[in-house]
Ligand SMILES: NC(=O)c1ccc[n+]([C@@H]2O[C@H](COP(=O)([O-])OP(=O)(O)OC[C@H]3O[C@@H](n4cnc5c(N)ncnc54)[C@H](OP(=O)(O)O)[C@@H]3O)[C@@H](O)[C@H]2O)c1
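Only one chain is given next, in structure tokens, and it is the form predicted alone.
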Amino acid sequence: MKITGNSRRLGQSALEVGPIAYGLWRFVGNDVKAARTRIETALDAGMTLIDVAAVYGLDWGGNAFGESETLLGKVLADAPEFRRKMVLATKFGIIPGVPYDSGAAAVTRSCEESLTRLQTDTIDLFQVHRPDVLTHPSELAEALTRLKAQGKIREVGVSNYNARQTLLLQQFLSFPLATLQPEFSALNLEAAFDGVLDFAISRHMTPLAWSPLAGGKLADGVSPAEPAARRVASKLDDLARQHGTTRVAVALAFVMRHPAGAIPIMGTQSTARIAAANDALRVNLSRADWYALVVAARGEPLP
């Protein structure tokens, strides 16, 4: 079911998306019909930000660099109307065997190759996947500025950057970064306490939270092996019973409760779970609820 009236603006850009995004980390294979159904289900549910990366496809059953982008490109060729409904985000900079390259030539080449695989002429949100500390930020900024001026990308974001790295890149850009993408969940709390989400607020950037279910450890029906994950899952279950919903809905609501306005990226391949994700928008966690999950993750009382 689609819930309307909850659109979010990406940073200071003109791009507006739904409050939950759909991530394509596990989006692999050659079944275009099934892939089209998953994308259609996500768009119908209001997940208008579709997040992929050039490197996706080397794991989770994939066989090749770029496989996820290639599959999405086939879906967009099969259903071109989907492209008009989505904000298309991809990431660059991870190259197996290197492993990171954000030099100008690599950035330009990655953009061109992603455009080809995605079968589109513009990437709405082009994100640095991980920091390449061997590239001077001025070189990266010049390449991104050139791609933006050419109309090949619309907006720029960063992924797995800390606050200082984000600020450093921003100093060399004449336009504001729109997004940053940290790992953030009820189990992985660092972004809420290490200054990343605070920095997003200070710079009017939109956080995109990857792995909001902690890599599936917090998914419904999962019995995690790690003590911290077991504690968090148990508390999520308690809160789910109180709110008359699911563990997943509470876990997503935890991410969205932070004042930075984080957008969780759902990576499920189940159409039923995609459609059910919007249940999170009906969950109103109190401060006590939210901090109880922090205590569960840390395994000790707050000071």
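For every residue, the number given is its place in the sequence shown, counted from 1. Everything numeric here is computed off the predicted structure, so don't read it as measured data.
Below: the form predicted in complex with the ligand, not depicted.
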{"item": "Candidate stretches 269-277, 40-48, 231-239, 253-261, one within 4.5 Å of the ligand in the predicted bound form by heavy atom", "value": "269-277"}
{"item": "Complete contact of H129, N160 and A219 with the ligand in the predicted bound form (any heavy atom, 4.5 Å)", "value": "yes"}
{"item": "Distance check, L147 to the ligand in the predicted bound form, heavy atom within 4.5 Å", "value": "no"}
{"item": "Distance check, P212 to the ligand in the predicted bound form, heavy atom within 4.5 Å", "value": "yes"}
{"item": "In the predicted bound form, Q181 touching the ligand (heavy atom, 4.5 Å)", "value": "yes"}
{"item": "Any non-hydrogen atom of H243 within 4.5 angstroms of the ligand in the predicted bound form", "value": "no"}
{"item": "Partner-contacting position among L24, L293, V283, V17 - heavy atom within 4.5 Å of the ligand in the predicted bound form", "value": "L24"}
